[in-house]
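Below you'll find only one chain, the form predicted on its own, shown as structure tokens.
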Amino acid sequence: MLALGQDEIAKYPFLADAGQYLKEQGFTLEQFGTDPDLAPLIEKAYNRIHAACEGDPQSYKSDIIENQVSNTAALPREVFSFLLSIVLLKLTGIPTLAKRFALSEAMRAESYLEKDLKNISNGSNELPIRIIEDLFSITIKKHDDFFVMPISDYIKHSVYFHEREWKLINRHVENGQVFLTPHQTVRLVRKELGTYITSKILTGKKPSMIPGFEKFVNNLLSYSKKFSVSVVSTGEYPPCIKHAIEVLEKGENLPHSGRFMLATFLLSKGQSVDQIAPLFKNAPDYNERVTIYQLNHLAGTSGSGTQYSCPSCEKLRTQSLCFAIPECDNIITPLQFGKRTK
């Protein structure tokens, strides 16, 4: 277990042993539901979840100011709000909420990690480097204004990215080491950081309902209906499109290139923006306003007025989005699926 100072516990609460921290502070979960002085922390936790699920983490009033907890009393408030958020999510039992919360917390931690990486000196082995090394098994060192890691580590963790900039050929490489900025370094592990936080939520033991928590759990259950998805029939869809829809239905993160493929395919099939938008509700980073804007842009109803085309099968293969089956019959675009065999 990493040794954490006060600021580090507040910034990276998922690294702390939740049960041990509560015990050390002399509190039980039951106290938060019955003690009037502690009850506001449950509401703070609820707001933290709600802000994360709305895709607006800035609306959560954090007690961390300029990378430090604002005062001594702020530390337990910040940590307790995270721990109580996990309890509420466990009691609610909605994986979509847990995954959206985990992604938001991963992005919050990412911003702190980036700032902390910028502040370390060459040769030091400070906390942000140890977090990346211990959690994700990446060997990383500071080199001037950059961070370097072995090619093998980079390839292992960049496999989640399909954008051109993350291809090894487009990276600065010397002596078997890949050079990355602090931002690129932490961005590389965002998905895995989100997975780590999600596992903290989903694998923990679900407590019995705690007096004083009921109202917030019921509110979250009602709120979660916002993210229900009407399943689109995929009977005649090619496997790449089926796979994309399945990823979204499970509440997992579909890469930008996959979302582009799915949206342009469905638009080409005559579906409207209003019909397509609900498919993305389960995405951990879903933002309704941004989704509608992007779909209208792809449909050509905003911006330049150009309607974008569905990528070719060759393009999808380079982005690891192709799941060809014999029925694909050497088609050159997903839009041809089913036509040749007919």
Partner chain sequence: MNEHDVKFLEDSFKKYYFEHFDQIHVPKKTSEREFGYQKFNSGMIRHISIKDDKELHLLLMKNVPSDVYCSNAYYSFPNLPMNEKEWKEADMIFDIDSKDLHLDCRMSHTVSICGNCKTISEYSNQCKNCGSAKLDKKSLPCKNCIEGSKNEVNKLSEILIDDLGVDKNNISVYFSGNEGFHVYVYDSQFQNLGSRERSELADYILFKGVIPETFGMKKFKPERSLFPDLSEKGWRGRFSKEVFKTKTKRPKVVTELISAGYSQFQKYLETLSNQIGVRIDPNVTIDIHRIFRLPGSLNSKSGLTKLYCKNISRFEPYSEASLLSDEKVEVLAQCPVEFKLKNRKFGPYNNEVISVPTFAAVYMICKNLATVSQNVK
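Residue numbers count along the first chain shown, from 1. In this text, the rigid core denotes the largest set of C-alpha atoms whose superposition between the two forms falls within 1.5 Å. These numbers come from a predicted model, not from an experiment.
The form predicted together with its partner chain exists for this protein as well; it is not shown, and the discussion that follows is about that form.
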- Picking from 30-38, 270-278, 287-295, 46-54, which part of the chain touches its partner chain in the model of the complex when contact means heavy atoms within 4.5 Å? 287-295
- Would P150 sit within 4.5 Å of its partner chain in the model of the complex, counting heavy atoms only? yes
- Query: At the 4.5 Å heavy atom threshold, is K167 in contact with its partner chain in the model of the complex?
  - Reply: yes
- its partner chain contact in the model of the complex: S312, any heavy atom under 4.5 Å: no
- Message: Test of understanding: in the model of the complex, would V173 fall inside 4.5 Å of its partner chain by heavy atoms?
- Response: yes
- Answer with one of K141, K156, K115, K90: the residue that has a non-hydrogen atom within 4.5 Å of its partner chain in the model of the complex. K156
- Give, in sequence order, every residue of 247-279 that has a heavy atom within 4.5 Å of its partner chain in the model of the complex, or say none if there are no such residues. none
- Would you say whether P311 is displaced between this form and the one not shown, judging by a C-alpha shift of 2 Å or more on the superposed rigid core? yes
- Query: Rigid core fitted, then: does Y46 show a CA shift of 2 angstroms or greater between this form and the one not shown?
  - Reply: no
- Item | Core-aligned C-alpha movement of F27 between this form and the one not shown reaching 2 Å | no
- Are K44 and V290 closer or farther apart at their Cα atoms in the model of the complex than shown, with the shift being 3 Å or more? farther
- Mind checking the CA-CA distance of L220 and V290 in the model of the complex? It differs by 3 Å or more from this form, so is it closer or farther? farther
